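Next up is one chain by itself, shown in structure tokens, the form predicted on its own.
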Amino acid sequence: MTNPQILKFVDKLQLFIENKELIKLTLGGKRDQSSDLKKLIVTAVELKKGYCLNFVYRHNTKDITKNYEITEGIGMVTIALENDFLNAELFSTNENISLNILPNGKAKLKTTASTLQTTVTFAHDKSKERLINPHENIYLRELGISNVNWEIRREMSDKYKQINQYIELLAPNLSELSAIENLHVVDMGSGKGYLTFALHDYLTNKLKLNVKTTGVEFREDLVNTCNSIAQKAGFDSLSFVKGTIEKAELQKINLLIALHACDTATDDAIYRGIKSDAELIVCAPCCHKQIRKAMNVSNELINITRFGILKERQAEIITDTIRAMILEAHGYKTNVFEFISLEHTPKNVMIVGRKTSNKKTDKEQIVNNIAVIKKLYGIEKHYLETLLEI
């Protein structure tokens, strides 16, 4: 028999749906700790067949999106509360309802004033013309960014903006690759493939280039999922392979991407790009552990590094500065700038190196300048130097 408090909670959900007041419902606190399902997010959508509920099943490495008619959807929420989750938050335009189920089976309901001040209009972000168009874009639908009507889902609007800003930032450099007859793009650590698909889409459909794109990812389930989506989208020259940044077997790389590769994985990616003589290397680093551990300051800068958070930020700056300088030493015109604003992701530095045939490089001087920086901070070696044997 269903817990009476769960029934009351579901009744409130149904009322909000009927009055079109529902903003969102989130279910968390999984009952089975071994389950891969972490969270369930439910929102209302207006489809051709009418008002429906959109379910996003959030797993450890993937999201699965499904739409249900109202009656079926409410039944699915009830089952999820009975079998899968202990906590639920229901947000409406007028009030919020919290449900907490205790280990002994008892449940508590709490009602508070609405905290999400918004109007439920089912409107989507159309105020700006985007380089990646959602209309009839199959991979955006399959990745859960758009719905069956090709409209951007409210809960995925930030991801859609991130994808477009990524392409906008790269666009000036990408246009210079048009002279390459058979362009090979490699995305190291492609993950769920959001940016891999968008880049391939832009290069093939907007710039009309002859492109082969390879996504490298060590999680086999993501590789299989992304390959399936590529087939549905008709991207015959886009494929995903299981492997790691340092060991994946790849042909000549013209454009290498490595976004949020942790710690020295970014260096592994830059190394592969340099060794392949890639025309363009794009990295958004994170987790700068190697230099932070290697720093041993004993001079006037010691006060800058004695506070943990300030030492961490110094390590980030030094790590990425040396990376940019090493790229310059190998004939790349390098730029470092903000990738995505902090409201979307904390990983907000992008390093772009473009190979220049007419740029004279004083490699010895750059290496000497790097040595000065390392001496100031008591650093013996940057990992990328080790790979390149500098």
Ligand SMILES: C[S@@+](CC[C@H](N)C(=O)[O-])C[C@H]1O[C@@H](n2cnc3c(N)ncnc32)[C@H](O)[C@@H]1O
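If you're wondering where the values come from, they're calculated on a predicted model, not measured in any experiment. Sequential numbering from 1, following the sequence displayed.
The next section is about a form of this same protein that is not shown, the form predicted in complex with this ligand.
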query: Non-hydrogen atom within 4.5 Å of this ligand in the model of the complex for each of 275, 324 and 353; finding: no
query: Touches this ligand in the model of the complex: residue 219 (any heavy atom, 4.5 Å); finding: yes
query: Any non-hydrogen atom of residue 190 within 4.5 angstroms of this ligand in the model of the complex; finding: yes
query: Residue contact check: residue 259 to this ligand in the model of the complex, 4.5 Å heavy atom; finding: yes
query: This ligand contact at residue 75 in the model of the complex, heavy atom, 4.5 Å; finding: no
query: Candidate stretches 239-247, 88-96, 67-75, 308-316 - the one whose heavy atoms come within 4.5 Å of this ligand in the model of the complex; finding: 239-247
query: Heavy atom within 4.5 Å of this ligand in the model of the complex - the one residue of 265, 209, 233, 132 that qualifies; finding: 265
query: Contact residue in the model of the complex, from 195, 253, 107, 174 (heavy atom within 4.5 Å of this ligand); finding: 195
